[in-house]
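The chain below stands alone, shown as structure tokens; this is the form predicted on its own.
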């Protein structure tokens, strides 16, 4: 299943038009008509390819009046490549990791422990700020790092390998926040959930965004 998810992610890049779109978006936000003109394509074609890139988390979009503007999600572009690398190489590293751990000196171990404690303190603080005593989400964080902490916390409540109909996912989200449509979209865009024909499933943890790496 993990292999299928990684392949699905990279399928979004397996098209010359989508690569060209991402190259143009690397210079800044553009609307659909601009992309169509630059690539000499019909707007409907741009819409089709943008949907594939958006589902993979590679681009974001916003609507302004009658225009839709697209922007590159550079973090997820890099994260997708890292997920594939980890999936390919993780099976070989058991003994090597043990050997490396043995060779680490005490100061390095202390530094790593301090880093873990710092991250846990940050995570706990975010959850205390955005969830009430009953476990309901008071508001959706605007800052990406805090938003990923909240989404990760909620995603951990779902069962890995289980397929959830959209109605069930909506009910799950409503238990913590009334805006189920926005949170459901955030789960997809940030690669916590995989959607196919209105059926949802958790992505492998390796594909989840790493909030701890954000500043």
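Residue numbers count along the first chain shown, from 1. Treat the numbers as computed from the prediction; the structure is a model and nothing was measured. So that the term is clear: the rigid core is the largest set of C-alpha atoms that superpose within 1.5 Å between two forms.
Omitted from view is the form predicted in complex with the DNA, to which the following refers.
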Answer option from 48, 185, 38, 177, heavy atom within 4.5 Å of the DNA in the predicted bound form | 48
Can you pick the one in 42, 160, 181, 171 that has a heavy atom within 4.5 Å of the DNA in the predicted bound form?
-> 42
With the partner left out here, if you bring back the DNA in the predicted bound form, are 191, 203 and 214 all within 4.5 Å of it by some heavy atom?
-> no
Taking heavy atoms and a 4.5 Å cut-off, does residue 67 contact the DNA in the predicted bound form?
-> yes
Residue 60: touches the DNA in the predicted bound form, heavy atom cutoff 4.5 angstroms = no
Non-hydrogen atom contact residue 153 with the DNA in the predicted bound form at 4.5 angstroms = no
Location of the DNA contact in the predicted bound form, chosen stretch of 115 to 123, 141 to 149, 81 to 89, 67 to 75 [non-hydrogen atom, 4.5 Å] | 67 to 75
Any residue of 7 to 42 with a heavy atom within 4.5 Å of the DNA in the predicted bound form counts; write them all down in order.
-> 11, 15, 17, 18, 31, 32, 33, 40, 41, 42
Tell me, please, whether between the shown form and the other one the C-alpha of residue 206 is shifted by 2 Å or more, with the rigid core used for superposition.
-> no
Has the Cα of residue 44 moved 2 Å or more between the shown form and the other one, judged after a core fit?
-> yes
If we fit on the core, is the Cα of residue 64 displaced 2 Å or more between the shown form and the other one?
-> yes
